[in-house]
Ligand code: MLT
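The form predicted alone is given below as one chain in structure tokens.
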């Protein structure tokens, strides 16, 4: 599993959204690395992580056995993160996730809550997909496998991922996001969509977690709107809700200053 690490202090593992990779966290990383050891892995099949979860892409020997890929599941993705924590000798961390990364973070909470000192959920939601949402995900997975991702995925996703303020006033963020999406391999996109389509409801998981918890949401997020964030914050016994003005679904790219300002004092109060 490929990951990016920088900074020193409280270990903070941040899991990225779909359909991008760990680089989406770079603007937030630069604002937190004086306080935290920021670790951002690429989910299997995306960024530089291979689809079988064992290596970085391009590092498999030519004579190696054919690729064996686990069934698409957020539980498998969570197990990859736990394996990384073991490799880094981190018994407990503050765990964060945005969108798909939030689904994986909640799966890790189900599997190993004792490894999580605090949880940061950014523009994500706890309920499972509706039948319509599940069907849409499976259709995207099939199209990615048949056609590749080309430019169609970015064209379909960017208007939904970014808030109106970002789209209208910050063309550089629009361009950066498009490039991130277009860099993602089709097989990883398909695997991730099927994993998200199969995920369970996680509200009971949140109700059972009694550690520090922050839920952050962009005020302009139409994918997982503020109402979904309030539902999670209400479910978490120690949940705090932060709404970020001028941001859509990806505040690390759209409003990194505001997100960092919210996270810093919260993170300082967590004993890992």
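In this text, all values refer to a predicted model and were calculated from it rather than measured experimentally. Numbering follows the first chain given and starts at 1.
Omitted here: the form predicted together with the ligand. The next part is about that form.
In the modelled overlay, the ligand taken from its pose in the model of the complex makes no contact closer than 2.4 Å with any backbone or C-beta atom of this form, which marks the pocket as open.
Among 183, 198, 157, 174, the residue placing a heavy atom within 4.5 Å of the ligand in the model of the complex is 157. Shown without its partner, this chain lists 223, 219, 242, 233 as candidates; in the model of the complex, only 223 has a non-hydrogen atom within 4.5 angstroms of the ligand.
In the model of the complex, the ligand sits within 4.5 Å of a heavy atom belonging to residue 99. Contact annotation for residue 25: none of its heavy atoms lies within 4.5 Å of the ligand in the model of the complex. The ligand in the model of the complex comes within 4.5 Å of a heavy atom belonging to residue 17.
For the chain shown alone, residue 191 is not a contact residue for the ligand in the model of the complex, no non-hydrogen atom being within 4.5 angstroms. Note that among 144 to 152, 157 to 165, 105 to 113, 88 to 96, the stretch whose heavy atoms approach the ligand to within 4.5 Å in the model of the complex is 157 to 165.
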